[in-house]
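In structure tokens, one chain follows: the form predicted alone.
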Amino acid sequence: MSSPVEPANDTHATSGTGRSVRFRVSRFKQGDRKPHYQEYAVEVAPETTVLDALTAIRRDQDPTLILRHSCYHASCGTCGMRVNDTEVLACVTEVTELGGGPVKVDPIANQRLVADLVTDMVDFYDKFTAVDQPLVRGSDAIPAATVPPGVPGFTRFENCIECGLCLSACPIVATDPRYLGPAGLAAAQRVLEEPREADAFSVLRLTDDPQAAWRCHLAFECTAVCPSNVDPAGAIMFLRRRLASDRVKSIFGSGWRP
């Protein structure tokens, strides 16, 4: 006789654990004058994520709470938000890592607010269109593929998951909507590294603008919050070096070397 199957231990459970955490969630509906906070008590387990807690609130306490999510494993970028004033992906941010105090949850900043924790990403996507970079997700190199001679190894140029965290954290985007922004500039750098059929020269010229590569103040907040190691700040520094080198060569000739 076979033994009875033991029920699976759901380490992400948000009920029956006995440990209650208070959440202060930003609420906003069309027609409201401004957002306000609403508090909820949620029971959490050791590995409960912020997204687990928010979906539990919507399921068990308040079905009017609006949030956006999809993959649950930091691949789609749709659950980007600010938790305790820091840009994160809610699906991989564990509540126990946030301390014992109230957990404050806000939508990402510098985007048009739609409702509660959801923003309109159209402005974010427009930055990619401006640099002629299609929104194509990359993948790691095929394991059986052979690295060509002279190439140290394969590199992913499509790490961006379009979460918008870099724009939310950027202090320049907060004050200057004309700024091309870290995601758009990182996309421009990828075009230069791997042009495909894009007009790399036009993309480079686009970045040589007071509202593009030269507008960055080197806060590096975009790189600090990026969940996919895109390093937008590093991409901006690459663009500046390239632009500065091109200017020097235009003065001293193509034979000039730094």
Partner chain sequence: MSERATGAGPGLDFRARGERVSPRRRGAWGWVDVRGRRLGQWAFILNRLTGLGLLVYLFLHLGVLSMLAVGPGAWDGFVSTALTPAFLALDVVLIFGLLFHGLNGLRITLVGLGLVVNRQQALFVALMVFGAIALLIAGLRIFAVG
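Not measured: the values here are computed from a predicted model. Positions refer to the first chain, counted from 1.
Form predicted together with the partner chain: not shown, discussed below.
Asks: Within 4.5 Å, heavy atoms only: does residue 122 come near the partner chain in the predicted bound form?
Replies: Yes - in the predicted bound form, heavy atoms of residue 122 and the partner chain come within 4.5 Å of each other.
Asks: Are any of the heavy atoms in residue 111 no more than 4.5 Å from a heavy atom of the partner chain in the predicted bound form?
Replies: Contact check for residue 111: yes, within 4.5 Å of the partner chain in the predicted bound form.
Asks: Can you check whether residue 163 is within 4.5 Å of the partner chain in the predicted bound form, heavy atom basis?
Replies: Flag for residue 163 set to no.
Asks: Please check if residue 174 has a heavy atom lying within 4.5 Å of any heavy atom of the partner chain in the predicted bound form.
Replies: Taking the distances in the predicted bound form, the answer for residue 174 is yes, it comes within 4.5 Å of the partner chain.
Asks: Out of 95-103, 69-77, 183-191, 82-90, where are the residues with a heavy atom within 4.5 Å of the partner chain in the predicted bound form?
Replies: After filtering at 4.5 Å, what remains is 82-90.
Asks: Between the options 225, 230, 53, 212, which residue brings a heavy atom to within 4.5 Å of the partner chain in the predicted bound form?
Replies: If I apply the 4.5 Å criterion carefully, the residue I get is 225.
Asks: Check each residue of 218-235 against the partner chain in the predicted bound form and list those with a heavy atom within 4.5 Å, in sequence order.
Replies: Stretch hits, in order: 218, 219, 220, 221, 224, 225, 231, 234.
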